[in-house]
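Have a look below at one chain only, the form predicted on its own, in structure tokens format.
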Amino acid sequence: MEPWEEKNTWLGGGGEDSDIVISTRVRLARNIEGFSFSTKLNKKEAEGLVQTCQTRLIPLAKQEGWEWVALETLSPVSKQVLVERRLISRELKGKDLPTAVLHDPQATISLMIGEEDHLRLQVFRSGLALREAFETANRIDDQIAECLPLSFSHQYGFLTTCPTNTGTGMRVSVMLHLPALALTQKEIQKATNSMQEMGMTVRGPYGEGSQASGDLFQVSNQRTLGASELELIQSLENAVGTMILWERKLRKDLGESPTFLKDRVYRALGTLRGAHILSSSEALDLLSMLRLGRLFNLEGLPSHETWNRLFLLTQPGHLMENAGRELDPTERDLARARLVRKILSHPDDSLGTRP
């Protein structure tokens, strides 16, 4: 099996401003001429959509080294793992029609087929790398357009199921780790309001409908119509720059109160090392304190690589994949605590290298 970090490059912990920016995502929504929008497709039409995409895109997939996955062939656990690796959305996982995904081995590119739009291309990068991610997405988008007839209007741009995506069809987002802001409810609320005033949406780490946990927040653009791709990128870079400055100021303030910081960090470490029951949200909140402490060079804390592994491996799907069966919530809380204790005691254990 390949090393864990090679299968989850977007969570590699590198890149610009990676102390705050976990990852960057560029998503393009596209539809194919000759098919109804996904919300209107019946089973036969959905099968035709998937078959058309498979026939037309397989040569490109072979060229790029992507894997084709028909989601109806996967177990619920395997689908959940793909959600947690961000290769598919929760919406695609819940579809009862034929759907598929193409993705690369490093989890940096995925093409969802049959979600809200016929095609949703995602490109991920570690750290703040919006322009780099867009260049890759733009190149792949051009290749897809050579394979499939995309729905496009010279007046409105790319036609999408939801009018808010019409135009470029592009959503750009970054996942931010904001523990200093989150320590004060008033500050994180002010920051969220500030982002909304700048035309941004703030969600949890898994996008629409997800709740913030582990002090992780996803910031993305709200509009696509009437703005170019580079204008959208610049707007998000400006908004994220504001958040980065805000978080760093509060971290500096925390550094001036070392006793308070150490107390929060080492309480979290003690709980993680000794807990026998851990919910997903509690684990992420505690792990957030460890990552913050590591940034202040506090001793005895796991590396960023270990934190990154724990971030994914403590999620429900990964826990069940590791167990080889479905687990009920209580079993997952027990398994999560065991896994955290094991990895924190032996951070280089092979168990922690699973994808």
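Please read all numbers here as calculations on a predicted model, not as lab measurements. Don't overthink the numbering: it's just position in the shown sequence, from 1.
Keep in mind the form predicted together with another copy of the chain is missing from the figure; the text below concerns it.
For the residues G274, G199, P163, G94, the 4.5 Å heavy atom test against another copy of the chain in the predicted complex is passed only by G274.
The single contact residue among K190, R248, K262, R139, judged by any heavy atom lying within 4.5 Å of another copy of the chain in the predicted complex, is K262. Not one of W307, P316 and L319 places a heavy atom within 4.5 Å of another copy of the chain in the predicted complex. Just one listed stretch, out of 264 to 272, 163 to 171, 248 to 256, 82 to 90, contacts another copy of the chain in the predicted complex at the 4.5 Å heavy atom level, and that stretch is 264 to 272. Another copy of the chain in the predicted complex is not approached by A182, whose heavy atoms all lie more than 4.5 angstroms from it. The closest heavy atom approach of E132 to another copy of the chain in the predicted complex falls outside 4.5 Å.
The closest heavy atom approach of L278 to another copy of the chain in the predicted complex falls within 4.5 Å. Although the partner is absent from this view, E115 stays clear of another copy of the chain in the predicted complex, with no non-hydrogen atom inside 4.5 angstroms.
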